[in-house]
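As a starting point, one isolated chain is supplied in structure tokens, in the form predicted on its own.
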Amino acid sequence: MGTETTLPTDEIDRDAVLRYAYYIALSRFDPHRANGSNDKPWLFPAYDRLVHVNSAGETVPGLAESWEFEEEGTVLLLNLRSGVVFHDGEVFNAEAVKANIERGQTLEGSAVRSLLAVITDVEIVDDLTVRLKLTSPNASLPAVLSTRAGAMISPAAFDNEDLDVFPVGAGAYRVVEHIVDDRVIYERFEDYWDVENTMLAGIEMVLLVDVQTRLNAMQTGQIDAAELETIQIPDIERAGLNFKVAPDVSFGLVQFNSALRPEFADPRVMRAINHAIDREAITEGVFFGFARPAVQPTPEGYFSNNPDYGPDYYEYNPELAKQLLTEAGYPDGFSFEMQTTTGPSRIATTEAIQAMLGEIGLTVSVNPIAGAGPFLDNVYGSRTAESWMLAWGGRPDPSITLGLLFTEGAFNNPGNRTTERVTELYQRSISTFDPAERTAVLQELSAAIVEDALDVVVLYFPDKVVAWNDRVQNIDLWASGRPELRGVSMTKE
């Protein structure tokens, strides 16, 4: 869990506060209602989950010390960690697990309901053991429990009116100050169970949307670490900062609400849009080559990626796109709105797509929304957006992403559009435990998603950059695309 400390203990400054800049605001601090994967860097210092992940994306023990499937995969047994307390002093135990899962399943506005729907009952075996009874075998459930769905809130705080602003978790750090849409101040929770991963006195997480502002803040010493962009690498090197570049499983996409606009329910329209977008032009023009075009929701080389469906499966072909629109009954095209956030690469990508779709007769009005909370509420909360461009945060298991975006009733599928083939393959993907067999099913599912042209148009997989000054130790890029700060430490000045 976390990264291994590389310094002798006497060289670590346990009084240091890490100043970390992030670029997307927190939607809310209630993990069951937080509606975006970009909430994770804000949530996870305060909220431990039943299962954790390491920077490579592998599941590791969290509040559950171990787990195992029973009864042919229809029961997941969790052995809970002893001696854990919440920030309000309440004890973590099996009753807390049961209460949290049932809250996530029933809470109005829950963003994790569909992830927990497979659980039919939480049986308390004893104070530190629970059995999750499932509707069917689900190989991805431990990974699901490493996300917001597995975050544990103190049951005594369920009815707190300010839970969206001040969390009450069992994480390594507790929140002492929260200035909405500006910064969160965390301090070390002295009763935390994992002392080796609380080497900081605290964390100051600062919202800096503009990437140049983040770099400037690092150069002037106001910030210790931040995610930056690959186009800044020459400036990062000139500033003498440490940095790392790596890909992850997060990706850029455009999504369409076919429930709101029935035009998008026609596969011919969606194939037309796919053929109208020049993915390589976006990766070169917006990301200067530090991104790879894609049509699948997992990257090339990843075990669930189908190698027969490369980025040229939907070749850039405006004439074919026009033909498909005509066949669908829209020879003169139609108009719709596309929302995005105000980040420079998001706006640039959305405007590029606007121009490309304009070439085939689709008139797109771009609506940048300031703040991740309002944007995600439009998209996945009230579901009032017609279409949107965003970066999908990686998940620790591909079935989670595929289920959230492409299955009926899923939180992140406002159009509720799927196919029988996708549904059947998804169910097989979560009920297959043999690794080789599961890989084959996931690759077949990925192919079906591409061929069936559903509501999501995958665009690219970008490289990520994290930079830090010389005092920061053990920081990393996370395969999930969403940083955690477990195990980070700082040297003495």
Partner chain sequence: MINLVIRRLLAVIPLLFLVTFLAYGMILLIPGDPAIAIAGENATAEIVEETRQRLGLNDPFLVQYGRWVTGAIQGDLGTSLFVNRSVGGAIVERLPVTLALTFAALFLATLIAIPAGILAALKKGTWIDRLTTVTATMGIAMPNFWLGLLLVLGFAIAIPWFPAIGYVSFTENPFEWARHIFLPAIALGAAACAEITRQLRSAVIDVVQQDFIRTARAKGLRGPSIVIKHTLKNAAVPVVTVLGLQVTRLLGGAVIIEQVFALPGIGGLAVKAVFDRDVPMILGVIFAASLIAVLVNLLVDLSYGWFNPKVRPK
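Throughout, rigid core stands for the largest set of C-alpha atoms superposing within 1.5 Å between the two forms. Fair warning: this is a prediction, and the values are worked out from it, not measured in the lab. Residue numbers count along the first chain shown, from 1.
There is another form of the same protein, the form predicted together with the partner chain; it is not shown, and what comes next is about it.
Contact annotation: residue 33 falls within 4.5 Å of the partner chain in the predicted bound form, judged by heavy atom distances.
Although the partner is absent here, residue 113 lies within 4.5 Å of the partner chain in the predicted bound form, judged by heavy atoms.
In the predicted bound form, none of the heavy atoms of residue 119 sits within 4.5 Å of a heavy atom of the partner chain. Contact annotation: residue 148 falls within 4.5 Å of the partner chain in the predicted bound form, judged by heavy atom distances. For the three residues 27, 217 and 222, a heavy atom within 4.5 Å of the partner chain turns up in the predicted bound form in every case. Though the partner chain is absent from this view, in the predicted bound form it lies within 4.5 Å of a heavy atom of just one residue from 356, 265, 209, 422, which is 209. Scanning 72, 182, 190, 126 against the partner chain in the predicted bound form with a 4.5 Å heavy atom cut-off leaves one residue, 182.
Checking 134 to 142, 318 to 326, 157 to 165, 348 to 356 against the partner chain in the predicted bound form, the stretch whose residues place heavy atoms within 4.5 Å of it is 157 to 165. If you take 374 to 400 and check each residue for a heavy atom within 4.5 Å of the partner chain in the predicted bound form, you get 374, 395, in sequence order. With the core held fixed, the Cα of residue 133 is displaced between the shown form and the other one by less than 2 Å.
Comparing the forms between the shown form and the other one on their rigid core, the Cα displacement of residue 93 stays under 2 Å.
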